[in-house]
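Take a look at this single chain in structure tokens; it is the form predicted alone.
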């Protein structure tokens, strides 16, 4: 069994929130002052939800040891209850409070990589309830690299469960203003910090099984982890192929306009597809690695390389959906291009899921 992609048909979890409703509240917007951090920590311990920045995306925090608080997370997001949450900590010692077994490989990652944009999946202790893990016997644990995130987590003084602070299925927020768009009136507070520097969610590394497996690619690559651990670290799925598995077969990170993805960097194909959508009455946009190739057509660049593409990804997606009504994305990550770097697989994974695997 694993944390991220395998679905378990627990009737309890699929029906848990059918009667819950979002209660409209006045959301407070807090700064990183000692007073406001204290307030944010108090809200978490009181069972409320707080949006907070990390280096990856903004999270929607709840007391991971409070089942009622965690339930609010699913309701606020409209998140499927069979989708586990990540438990966030500020100190490595907390891992041993929530994980029942920390393998030698996990100890290497903890000591040599964390804090970082990585999540490790380990067998859980009973203190972490099934509502956090969707009934799985493992728990996903992350220690953010962001100083702002760790300051908040220290003020909370409890492990904090947190998915991304957006409506389920929407592009993840990388600024507090985007959290406000989705969560204003649904949660108690938002800590207004810096824009997220990494821009895509953490690499999820399952270390609860015999062989380490990346369940979700991020900015830390499987190749780096293989070299670090001295064993092959596999990636659960090939993000360039269509898959039929819970957690990847549905749209995630999706804009509210049609979106397709092209994987070869074929300018002629992209131009033809753009022109056809234009003739149909759409206002399309090309979202590409080299926008100068497309003449008078509307084209927006992804960035200079894979890391820049990751940092810009969700913010650009939200900008494009506001200005255009058809997004034609292209991402070619193989063949020694400047996009063939540590975050390339993570960027491609998000693009694939944002377009619902609709490849042209």
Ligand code: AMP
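Residue numbers count along the first chain shown, from 1. On a predicted model such as this, the values are computed, not experimentally measured, just so you know.
In what follows, reference is made to the form predicted in complex with this ligand, a form of this protein that is not presented.
Shown alone here, residue 170 lies farther than 4.5 Å from this ligand in the predicted bound form, counting heavy atoms only.
This ligand in the predicted bound form is approached by residue 163, whose closest heavy atom lies within 4.5 angstroms of it. Although the partner is absent here, residue 158 lies well away from this ligand in the predicted bound form, with no heavy atom inside 4.5 Å. Using a 4.5 Å cutoff between non-hydrogen atoms, residue 83 counts as a contact of this ligand in the predicted bound form.
Residues placing heavy atoms within 4.5 Å of this ligand in the predicted bound form fall in a single listed stretch, namely 138-146, out of 138-146, 94-102, 225-233, 184-192. In the predicted bound form, no residue of the candidate spot (259, 349 and 354) has a heavy atom lying within 4.5 Å of this ligand.
Only one of the listed residues (198, 214, 270, 121) places a non-hydrogen atom within 4.5 angstroms of this ligand in the predicted bound form, and that residue is 121. Contact annotation: of the candidates 79, 277, 72, 178, the single residue with a non-hydrogen atom within 4.5 angstroms of this ligand in the predicted bound form is 79.
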